[in-house]
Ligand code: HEC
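In structure tokens, one chain follows: the form predicted alone.
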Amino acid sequence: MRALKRAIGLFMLLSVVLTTASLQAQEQRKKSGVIQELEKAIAGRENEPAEKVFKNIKMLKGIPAIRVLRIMENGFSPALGVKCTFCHVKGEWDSDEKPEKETARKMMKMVGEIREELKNIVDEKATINCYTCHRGDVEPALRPKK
């Protein structure tokens, strides 16, 4: 009986380990190739301020470089339903060629202003983000979907 309990315990532990490894592998596969490339490019400098690692940083100054990638990967991309190259020229990440990049900067400023105003009106925990209006679409939702 003791051997059976031990075997079951080992089986459960192995299941957890394998499940965790599988989930991590799936997460890595989901990550865009662009993000993976940029992670490699900044390896060893991930925690330096973004403006010291990336060129032409106008927003998100002072935060760790890796956090910029996470904001793009987990914030902008899903909130607008786009890939990195919607706002950026691939391989020329500092380029301002695409007008969408400047629009994103203006929207970030607007969101920051609204957040501050919300704190004064509602409470400290109230917040908004890109998804609040965009709901996964490039164009912000102007009315509820039917």
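Quick note: we count residues from 1 along the sequence shown, nothing fancier. The shown structure was predicted, so the numbers you read here are calculated from the model rather than taken from an experiment.
Keep in mind that the form predicted in complex with this ligand is missing from the display, and what follows is about it.
- Contact between Ile57 and this ligand in the predicted complex is found at the 4.5 Å heavy atom cutoff.
- Although the partner is absent here, Thr103 sits close enough that one of its heavy atoms falls within 4.5 Å of this ligand in the predicted complex.
- Heavy atoms of Ile128 reach within 4.5 Å of this ligand in the predicted complex, making it an interface residue.
- Using a 4.5 angstroms threshold between heavy atoms, Ala43 stays clear of this ligand in the predicted complex.
- Residues Leu80, Val82, Lys83, Cys84, Phe86, Cys87, His88, Trp93, Asp94 are the members of 80-97 with a non-hydrogen atom no more than 4.5 angstroms from this ligand in the predicted complex.
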